[in-house]
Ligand SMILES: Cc1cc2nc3c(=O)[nH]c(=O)nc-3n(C[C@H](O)[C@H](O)[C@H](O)COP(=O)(O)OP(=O)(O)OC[C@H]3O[C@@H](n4cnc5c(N)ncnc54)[C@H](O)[C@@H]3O)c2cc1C
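In structure tokens, one chain follows: the form predicted alone.
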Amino acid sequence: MSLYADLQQLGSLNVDVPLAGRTTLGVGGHAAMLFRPSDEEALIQAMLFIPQETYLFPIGRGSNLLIADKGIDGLVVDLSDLNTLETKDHTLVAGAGSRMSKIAQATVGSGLTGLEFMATVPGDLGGGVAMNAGAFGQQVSDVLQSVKLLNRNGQVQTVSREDLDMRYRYTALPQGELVLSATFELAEKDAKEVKQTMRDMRSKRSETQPLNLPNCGSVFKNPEGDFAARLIESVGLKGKQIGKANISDKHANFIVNQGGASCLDVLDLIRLAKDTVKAEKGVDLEPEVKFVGCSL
């Protein structure tokens, strides 16, 4: 059987698929192929058919991504159906395709604390683990117990948090391996308090971030002891526009798509902010957004 036929047996496979609508920024070209496995076992089986030389890229909701205008010449794997979610005692196990907002909501019903910040993160768990996502003083590594990973040979392993060298917006995942699920060890807390904390976080996020326009979240990591947004604003770039993209006039560490922005528009703004802050403030901002098929 052909690769196309093999993967169709394990989910859905389409060719020449536009990716812009699959990202929160609304930017990017087409995927040569897009495979959506029906469940975790289907993805494991699929690895036996996908040639090792095929470029593989996992995607969830597509937050924190800047995809090149030329697209991705490979196989994009949509993990949306890996969305199982289970809580037992103080433990929560979630599939890589689970929306982080839904995971946060599940902790409310179980009276558990530690993942409230996920209520404000517009992405799926796989990406959240891969970048050690966080907000409001919480991050994935604070309560992560272990991650189940899949390699290109179809082998599955469980890796503990201690073996992932997790730091601020960084996780040392083994090269080429995909996140299947993650297990969290949480603590008990009154459900009403957990819910109120999430409400407060959402409210603050709405007040300070440009949620009304497509964006990829924070563009740069905050340098130690400072904020990327403050630095970008201090060099006069808040509101700066190139093409159909601009540095948000609400939060300078966000780039928003005014409609029809290209990857090049966004890259030019990122370069401008990075170079200007380095020249005028002596701070070398490190991107938080992941570049796919493009680079600075």
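Just count from 1 along the sequence shown to find any residue number. Keep in mind it's a predicted model, so treat the numbers as computed, not measured.
Beyond the structure shown, there is the form predicted in complex with the named molecule, which is absent from this document and is the topic of what follows.
- Using a 4.5 Å cutoff between non-hydrogen atoms, residue 24 counts as a contact of the named molecule in the predicted complex.
- The closest heavy atom approach of residue 65 to the named molecule in the predicted complex falls within 4.5 Å.
- Contact between residue 119 and the named molecule in the predicted complex is not found at the 4.5 Å heavy atom cutoff.
- By the criterion of a heavy atom within 4.5 Å, residue 107 is excluded from the residues contacting the named molecule in the predicted complex.
- In short, of 188 to 196, 215 to 223, 151 to 159, 108 to 116 it is 215 to 223 that has heavy atoms within 4.5 Å of the named molecule in the predicted complex.
- Not one of 37, 46 and 146 comes within 4.5 Å of the named molecule in the predicted complex, counting any heavy atom.
- A heavy atom within 4.5 Å of the named molecule in the predicted complex is found for exactly one of 173, 85, 166, 75: 173.
- Among the residues 61, 240, 250, 30, the one placing a heavy atom within 4.5 Å of the named molecule in the predicted complex is 61.
- Of all the residues from 263 to 295, those having a non-hydrogen atom no more than 4.5 Å from the named molecule in the predicted complex are 288, 290.
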